[in-house]
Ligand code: GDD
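In the block that follows, a single chain appears as structure tokens, in the form predicted on its own.
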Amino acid sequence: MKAVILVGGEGTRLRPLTCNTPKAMVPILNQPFLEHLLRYLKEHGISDAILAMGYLPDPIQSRLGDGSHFGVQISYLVEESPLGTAGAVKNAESFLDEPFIVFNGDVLTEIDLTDMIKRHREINPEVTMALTPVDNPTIYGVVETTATGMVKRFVEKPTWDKVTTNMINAGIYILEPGVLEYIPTSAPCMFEDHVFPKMLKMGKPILSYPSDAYWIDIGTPEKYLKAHHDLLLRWSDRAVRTQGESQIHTTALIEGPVLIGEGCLIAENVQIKGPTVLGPRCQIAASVVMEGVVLWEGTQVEEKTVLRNCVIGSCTHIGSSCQILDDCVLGDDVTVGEESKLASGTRLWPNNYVDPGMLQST
């Protein structure tokens, strides 16, 4: 079975992290997200992937090549203009003459695709849609189903008094090729808003596949950071793990779970508390305190700075005695002057400069 992976979006919700990096290539535990997804698909017997791309396609192709490194075969399709989730799949129609999987390119999950495929083949609907439970269904579009698991209605962002289920569309579908007939050619079209509601009105069968397996949409900085925390906290040994050689001073106090990329320099009296990830070639000066942080590659943090529950883009320089606190997100190549204090939720775009001593509001 082939998979169409939707990676054409601009990653607007994830900015400033996606200003220079396509969303599908943001690092998860120091590896591009799309590499995690390809390995997950391979584990479930999916070895033929079609990447439907639009925004910043070159970094994806140059990194993944033909897919042989991951044991998969990759084909690339680049949209000239945004086609939406369904339009992007229609654009791949010439590759799709058998049942296939559609996968949103920002979903990190452990849903059992093997069992989902088995269920689809047993029931033989036109569509099988994975569903996942959420704590707050009012911010999503929920999916109502019958007692036999068939989809009967989509309800977009219901108020609490109208919530009938907490199950939402997980962004994973198995489609029969005939579904492509319901999608217009070379025109923007969304599965969620157009194709699936239209199919229900026509009486076409859509099977649900509910699962409580791990699932998260990494499409916002908050969810991106949470995904890291979730993955690290699941390490049974709560270890400090290194990827290649790094220089770590003997007085540094590191409490796992922590992942340290290759070529990092960690000076004396540094305190690092997990869940934290340091990308390759990060430099952490003396007496820095870090907790719950994700640093991208090549970032420098000067002495006595405090970082907590934040995400820092690549090649950023943070001066001495700074405070960068909860939910701050800094893009690539940002410079923060010494003794600056960035309030919770601060966003800094690539190449921003913060004057020394500045108190940065949200």
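Small disclaimer: the values here were computed from a predicted structure and weren't measured. So that there is no doubt, residue numbering starts at 1 and follows the sequence shown.
Keep in mind that the form predicted together with the named molecule is not shown, yet the notes after this line are about it.
From the list 283-291, 202-210, 83-91, 239-247, the contact stretch for the named molecule in the predicted bound form under a 4.5 Å heavy atom rule is 83-91.
Shown alone here, P197 lies farther than 4.5 Å from the named molecule in the predicted bound form, counting heavy atoms only. The named molecule is not shown here, but in the predicted bound form it comes within 4.5 Å of a heavy atom of E79. The named molecule is not shown here, and in the predicted bound form it never comes within 4.5 Å of any heavy atom of D230. When the named molecule is considered in the predicted bound form, N104 lines it closely, a heavy atom lying within 4.5 Å.
Using a 4.5 Å cut-off to the named molecule in the predicted bound form, each of G8, K23 and M53 places a heavy atom inside that distance. Proximity to the named molecule in the predicted bound form, defined as a heavy atom within 4.5 Å, holds among K157, K152, R121, K162 only for K157.
Of the candidates E126, E222, D112, E192, E192 is the one whose heavy atoms come within 4.5 Å of the named molecule in the predicted bound form; the others do not.
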